[in-house]
Ligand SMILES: CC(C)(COP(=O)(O)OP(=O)(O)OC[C@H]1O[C@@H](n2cnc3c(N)ncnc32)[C@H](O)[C@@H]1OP(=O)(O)O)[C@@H](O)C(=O)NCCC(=O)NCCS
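The chain below stands alone and is given in structure tokens; this is the form predicted on its own.
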Amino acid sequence: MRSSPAYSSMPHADAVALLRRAPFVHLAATLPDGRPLLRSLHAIVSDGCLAFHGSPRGEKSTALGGPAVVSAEEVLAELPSYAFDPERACPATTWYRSVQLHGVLRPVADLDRKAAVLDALMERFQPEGGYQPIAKDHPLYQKVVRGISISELPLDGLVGKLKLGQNRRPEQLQAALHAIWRRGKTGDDTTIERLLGLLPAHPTPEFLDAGPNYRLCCALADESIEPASQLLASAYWNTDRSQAQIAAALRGSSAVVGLRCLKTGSLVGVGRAISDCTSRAWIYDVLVVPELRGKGLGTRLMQLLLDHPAVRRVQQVLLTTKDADGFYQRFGFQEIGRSNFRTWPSITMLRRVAARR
């Protein structure tokens, strides 16, 4: 019986997309005297090529006309050994996406093309602006555009590789996701959601299971922030906040969890917390759409939020509510005070948790 490969090839479009978003790339080439050249540099995908700039008298320029390789990678997850074996260190591994671009490094001579590459680099790495756009005839850039070296590699030689536990059984992948969740390093919640997005046929992990029609999310991707803020804008406690302010609060939170309908893909629940990850956390904005309340989904959402690594390790969890104190008492919250919050009476509740390491 043949074993499954440890990695698979990436579609060309996905490889190009990875190259576009890589914060930097690695260039390997050979100098005329035979010495190897290795550089890390900023680059831009433009007109079917990967282009970058340099000094016309620098070492990179001496490699023009010769073979070169550019590589970039994205770490998807660092897997601890105990995700697969309770004792052996050998199973520790990293799942990643990587690309390599092979070709002949060629110079760019056309001034319009050189200016376009430089302007695209600025637009990518300084999107907030604050500079005069680069053009070959602009007084600020005429000399620069003529004097700088622009090199490019055609994308024809681009190949991509995806290592995502393809040689692991489904139950081993389940154990890996659970181990990452229990480890709870900063960013592990986002890692889990990224992995599930790359493994669409993978069964829902137990800690994210919300029944046959729904799945919990232990983190929200940036594209889910807008629908989450739309959902929360309807809540009575957010009537004096704009949707943009709610979105900013979500992005600034230590933990954001969600509930998604599997049939439609729509977000139907959300909750967030701000935490110092040691002594105290505050729960905010726990909401399930009205038509799904009373089905136990809010309970599962709250359980996940309390189990989030940013919340589970603190000694005190607090929240404020108008009328849901009975719901929160189920999780060990006790009333510690009453006051008027904005325009409605509020109940402040506290949940004490034994100190954890």
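Numbering starts at 1 and follows the sequence shown. The structure displayed is predicted, hence computed values, not measured ones.
Missing here is the form predicted together with the named molecule; even so, the following discussion is about that form.
Trainee: So in the predicted complex, is the named molecule close enough to residue 330 to count as touching (4.5 Å, heavy atoms)?
Mentor: Result yes; residue 330 sits at the interface with the named molecule in the predicted complex.
Trainee: In the predicted complex, does residue 286 come within 4.5 Å of the named molecule, counting heavy atoms only?
Mentor: Close contact exists here: in the predicted complex, residue 286 approaches the named molecule to within 4.5 Å, heavy atoms only.
Trainee: Do residue 295 and the named molecule share at least one heavy atom pair within 4.5 Å in the predicted complex?
Mentor: Taking the distances in the predicted complex, the answer for residue 295 is yes, it comes within 4.5 Å of the named molecule.
Trainee: Using 4.5 Å between non-hydrogen atoms, is residue 326 touching the named molecule in the predicted complex?
Mentor: Residue-level check for residue 326: yes, a contact with the named molecule.
Trainee: Pick from 84, 207, 141, 237: which has a non-hydrogen atom within 4.5 Å of the named molecule in the predicted complex?
Mentor: After the contact test, the surviving option is 237.
Trainee: Which pick from 320, 315, 62, 46 sits with a heavy atom within 4.5 Å of the named molecule in the predicted complex?
Mentor: Partner contact (heavy atom, 4.5 Å) among the options: 320.
Trainee: Using a 4.5 Å heavy atom cut-off, which stretch among 47 to 55, 286 to 294, 305 to 313, 32 to 40 contacts the named molecule in the predicted complex?
Mentor: Checking each option against the 4.5 Å cut-off leaves 286 to 294.
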